[in-house]
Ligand SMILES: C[S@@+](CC[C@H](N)C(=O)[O-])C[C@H]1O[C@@H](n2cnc3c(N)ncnc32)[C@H](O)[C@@H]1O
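We begin with a single chain expressed as structure tokens, specifically the form predicted alone.
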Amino acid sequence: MVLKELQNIFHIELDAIYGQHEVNSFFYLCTEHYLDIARIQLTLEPELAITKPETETFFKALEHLKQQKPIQYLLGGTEFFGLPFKVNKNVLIPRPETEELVDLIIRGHSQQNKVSKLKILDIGTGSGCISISLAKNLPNAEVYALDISKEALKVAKQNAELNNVDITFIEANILDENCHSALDAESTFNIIVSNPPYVRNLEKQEIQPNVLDNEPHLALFVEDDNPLIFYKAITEFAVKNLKPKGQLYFEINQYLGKETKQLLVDAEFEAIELLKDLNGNDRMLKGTKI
């Protein structure tokens, strides 16, 4: 089959669900992944044809996309902060908003990283996108990454190997006091960062089906009556386990910016900043331990 014809079929079947621009993106991701054919090659060779088995692979992908399965899970990978990451149903697909958090940390600490060995802890690491990107861009840093999910940590370890960085992974639950004692053995940190679960159940109607039906709820949702449960536990941990002048960074629920900021105020952090993402939503919070 000629690839251009296959592309038209993708549009006929998927445009109503995703829109033309996103369907084009899906198709080119598939051609690169399954055929190792770049987008420019399709433009230069409009009559480029593929074999029957290759065509069948595309139709299988098409069926999954019609069921709103995430393209990243279908292809088994994605890109984050310019780096390759493996992903599967056990980890959240990394978001552009989280890239903004990583960029904030790197810009704030690249000079410090040159003169001293930073010690960083990423709580709720998932795919490892935050910890690995920090380790890659702050090469002198000693990086630790924690998650409650054994399956998520398997993926994170693969990603650390894929990106050639050395990270200490810890399987633990930050809500468990025993976890705190285990981490106490690692002494104190210059930076603690977390993108914990923060979507309230009442916000589920805002979540797209491809996320709601596929990505791990353990990493997404919190109860409506205690939505800041992870932020409280991590802030309390940070009070005890950050070095003086160490910094705490959060990705947050855009609807709970003031409430999350108040946790840091109550814990007597200084230089607290509530920052917006590129879409203008309250998304990042940082504070410095006195």
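For clarity, every value in this text was computed on a predicted model and none was experimentally measured. Each residue number is its position in the shown sequence, starting from 1.
Quick note: we don't show the form predicted together with the named molecule, though the next part is all about it.
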Partner proximity in the predicted complex: F230 to the named molecule, non-hydrogen atom cutoff 4.5 Å: yes
At 4.5 Å between heavy atoms, is N173 in contact with the named molecule in the predicted complex? yes
Classify P197 as contacting or not contacting the named molecule in the predicted complex by the rule of any non-hydrogen atom within 4.5 angstroms, answering yes or no. yes
C129: heavy atom within 4.5 Å of the named molecule in the predicted complex? yes
Going by heavy atom distances of 4.5 angstroms or less, which of N190, S149, N137, T78 would be at the interface with the named molecule in the predicted complex? S149
Exactly one residue in I207, I106, L162, L218 has a non-hydrogen atom within 4.5 Å of the named molecule in the predicted complex; which is it? L218
Residue stretch of 154 to 162, 137 to 145, 117 to 125, 68 to 76 approaching the named molecule in the predicted complex, non-hydrogen atom distance within 4.5 Å: 117 to 125
Taking heavy atoms and a 4.5 Å limit, what residues of 82 to 96 are near the named molecule in the predicted complex? L92, P94
